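First, one chain by itself in structure tokens, the form predicted alone.
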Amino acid sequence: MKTLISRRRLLQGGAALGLAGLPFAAPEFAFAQAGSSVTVRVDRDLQNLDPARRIGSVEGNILRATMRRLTQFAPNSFEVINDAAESMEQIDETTIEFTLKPGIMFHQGYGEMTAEDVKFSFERFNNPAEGEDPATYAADWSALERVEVTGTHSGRLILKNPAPALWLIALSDISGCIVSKRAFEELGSERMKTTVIGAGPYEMTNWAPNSSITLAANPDYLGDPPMFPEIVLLPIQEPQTAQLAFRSNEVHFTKLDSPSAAAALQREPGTEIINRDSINYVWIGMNVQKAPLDDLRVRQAIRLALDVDEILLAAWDGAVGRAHALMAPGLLGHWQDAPVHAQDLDAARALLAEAGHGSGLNLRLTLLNRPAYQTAGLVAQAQLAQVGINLELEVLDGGTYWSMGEGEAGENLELSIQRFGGKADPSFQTQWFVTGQIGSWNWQRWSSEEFDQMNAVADSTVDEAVRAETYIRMQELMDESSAYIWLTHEVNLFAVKDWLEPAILPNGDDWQYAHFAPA
């Protein structure tokens, strides 16, 4: 099986109830024979299927299978190929012309896809309807000025400025999904949170909240049909419950949360373990607006007190590499010469004393209820105790945790362990750390005018060498802030039945159900 790269996982909002903690009773379709259907474990239930306001990869993977884009990613890679577009051409730095394939029909009788649907789908990201909040993924289309319709199936995208990331971040990914204008107008945005009117190879035919989601092959799909007539998604939050379901053949494909889980399942008959490097990023962040973390010396002391290698050994069994900056190796803007911050307890104590905290300090680390993060928190707690810092661990379930950056909760955060998914273009990684994300995804509440300006410049610069230099300087600014202690870029681990070949985009979060195939 091939590999390559992908996106940030936005797990904001609603608790992922799944089947955790309940007696596990598999529905009858879970025991389908190989080749007739595939059952996939997802780590939470769906929450919002509006492409502009999706929550994360659970919704994104459903939309990727049920909707069409002008262009899409080839299986298992970030190679851009045509999807709904018969032709796509960038005629200059700010103009892209497209022609749709005729005869693409939306689900449930909503008619043929036209250029008007394309215009509605893309422009709505930055032009919310009256009473609606701005789109969660508005930044993906920030370079778009307008879409001009030139014919029933043709049009052009007019950009405000050159946008080299547009093909990877918007057009070919979930923000490029073409929705039915008529369906949105008839059903309303609220209903469209849980309804998919797409034109893709699969159609969402059933959703039993906190139980199952069924995708059935679309008989009217214009293109190569998917290899399986049905994909069933089971929301299972608890990793151990997911492993039990896999062993019982109630699940055919699941992401694993640890190398130890992979080692245990490796021994199961008929099982293949997939291990791939990732471009995601996990770090310990500090709220620079909350005392005493508003003192640079305190943040520097905490970074010096932590032994990241020891944390990785304990929490990830030493199976992941260490990260030194935001961009993973292989990405444009990877900072090869990023400093390696080694533990220095004496220097940490000296900085704390200089900052007036020589007699001890009480801090709180907020983290998601996952084994690796809890172990990392315990090791950090022990390490910080050596310099007189008493670290309280605040362990939260998904729904509560992912709302912690908002409002008053965000202002009161101190330290947190965070994990975001990456995409092939560095602009996706940096966008969460700009000043405008404070109160949303910038939990460190760090603000740098230079960083914000450079981010805007890099987004609209075509010269890759200039972009790379800009992103390295931005990472230098993050390092100088001492607000970020980078842990790992992860590896992606999956258990899959040996009769199934999944299609996984390179960061591991984004799956291409339409390209799942018999092995």
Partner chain sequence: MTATLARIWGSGTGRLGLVLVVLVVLGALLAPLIAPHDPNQIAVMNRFSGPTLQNPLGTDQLGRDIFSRLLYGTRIALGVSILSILIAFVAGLLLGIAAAYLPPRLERVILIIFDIISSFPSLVLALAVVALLGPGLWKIILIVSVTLVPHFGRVARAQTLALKNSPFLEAERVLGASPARLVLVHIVPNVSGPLVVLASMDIPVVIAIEAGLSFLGVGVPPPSPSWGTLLNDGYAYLDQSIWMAVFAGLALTIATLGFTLFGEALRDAVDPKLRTEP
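Residue numbers count along the first chain shown, from 1. Fair warning: this is a prediction, and the values are worked out from it, not measured in the lab.
Although it is not shown, the form predicted together with the partner chain is what the next lines describe.
> Pick from 221-229, 290-298, 355-363, 313-321: which stretch has a heavy atom within 4.5 Å of the partner chain in the model of the complex?
Of the stretches listed, the one contacting the partner is 313-321.
> Considering E272, E238, D344, E411, which brings a non-hydrogen atom within 4.5 Å of the partner chain in the model of the complex?
The residue from E272, E238, D344, E411 that makes the contact is E238.
> Looking at A129, A382, V340, A208, which is the one with a non-hydrogen atom within 4.5 Å of the partner chain in the model of the complex?
Among A129, A382, V340, A208, a heavy atom within 4.5 Å of the partner chain in the model of the complex occurs only for A382.
> Please determine whether P371 contacts the partner chain in the model of the complex, using a 4.5 Å cut-off between heavy atoms.
Yes - in the model of the complex, heavy atoms of P371 and the partner chain come within 4.5 Å of each other.
> Applying a 4.5 Å heavy atom distance criterion, does K101 contact the partner chain in the model of the complex?
Because no heavy atom of K101 falls inside 4.5 Å of the partner chain in the model of the complex, the answer is no.
> So in the model of the complex, is the partner chain close enough to R146 to count as touching (4.5 Å, heavy atoms)?
No, R146 is distant from the partner.
> Is R276 part of the interface with the partner chain in the model of the complex - any heavy atom within 4.5 Å?
Looking in the model of the complex, residue contacts with the partner chain do not include R276, since no heavy atom lies within 4.5 Å.
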